[in-house]
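Just one chain is shown here, as structure tokens, and it is the form predicted alone.
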């Protein structure tokens, strides 16, 4: 029996899919990259944005054609599934399984649906990479941002026991993993017994071996001096941070239920850059939030000029039913949302190029992650994409998953170009 897995969403959804793969392979299913060969298709989805839900719904016709050819084909939906969407999805999928119930997939496939309250994060994943691994440290969210469904699909915050996390990371390092991503809807709120997130970072940083520690995602209201100190003193914790602000206007932030002001955010960035001068920053932004005026958007534009981000993930607001924001009138036109997105990208392009040019002439350490012909790619500690060409006679040398030293010779807004030392 063969299975094919489709993932829509964030790093947490990809991490969930690795645990789904582990469960399926434990019951002797074999993974296939060819959906036409599959006896079972599993979709791990994200419900945060309506676009992701639309993509899952868009699978209807494809599934019908596949089932016409293979009458034994079964389909499962898991991940972040909003309760109100289940009725629609039951018309597309044979089964909808809560992600926390995936240990019982074998029973479910035999039409014996058993509720399982055990923590699904106990499952050892089938890691998709041999050098970079995602390790969930907590799941769920207590923040209830007005535009977000995560508290409804992931429920309240639950942190994994510290011992389990440390055990998983130690095993990964022993197997040669070079990059560890600590995941959570809000990693800063991690708390298990007396261990908070900064203490967890320090504990993992002490694990012997050559590897980098990264984490996502951080909520600004919980990002504090203790976390900054842990990053600053942790030699393995990389100088890269995604700190989503969502808007540069206080009134919009209040309407979003974000629990911080622009001044609060800027003070955190100021302290961060003072303690860690090499830090590189990215953020998340929503443009065209209900009621956002042109003047309020200008405040976000000015924030971009002030902070000088290295990267930003800019999303045009779209209504997500089931959230508080869905009760508001979506009164910013699609054309205006696109204009605002373009304006932010123009500023970002300038600041990213300005920041990247500072790397030219420097020697950097890069973790190589992919190859395309003679071109190879990797990331620096600061999470900068680096492109370099293989030297003559080294075109077939496998550097993927290895740390190498490179000299940066050129920069664009979105990547660095280098040559092998």
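Numbering follows the first chain given and starts at 1. Just so you know, these numbers come straight off a predicted model, no measurement behind them.
In what follows, reference is made to the form predicted together with ligand 5AD, a form of this protein that is not presented.
- Contact with ligand 5AD in the model of the complex, defined as a heavy atom within 4.5 Å, is made by all three of 246, 285 and 318.
- The contact residue chosen from 367, 43, 386, 48 relative to ligand 5AD in the model of the complex is 48, the criterion being a non-hydrogen atom within 4.5 angstroms.
- With the partner omitted here, the residue from 147, 309, 215, 93 that has a non-hydrogen atom within 4.5 angstroms of ligand 5AD in the model of the complex is 147.
- Stretch 318-326 is the contacting one of 198-206, 318-326, 175-183, 296-304, since its residues have non-hydrogen atoms within 4.5 Å of ligand 5AD in the model of the complex.
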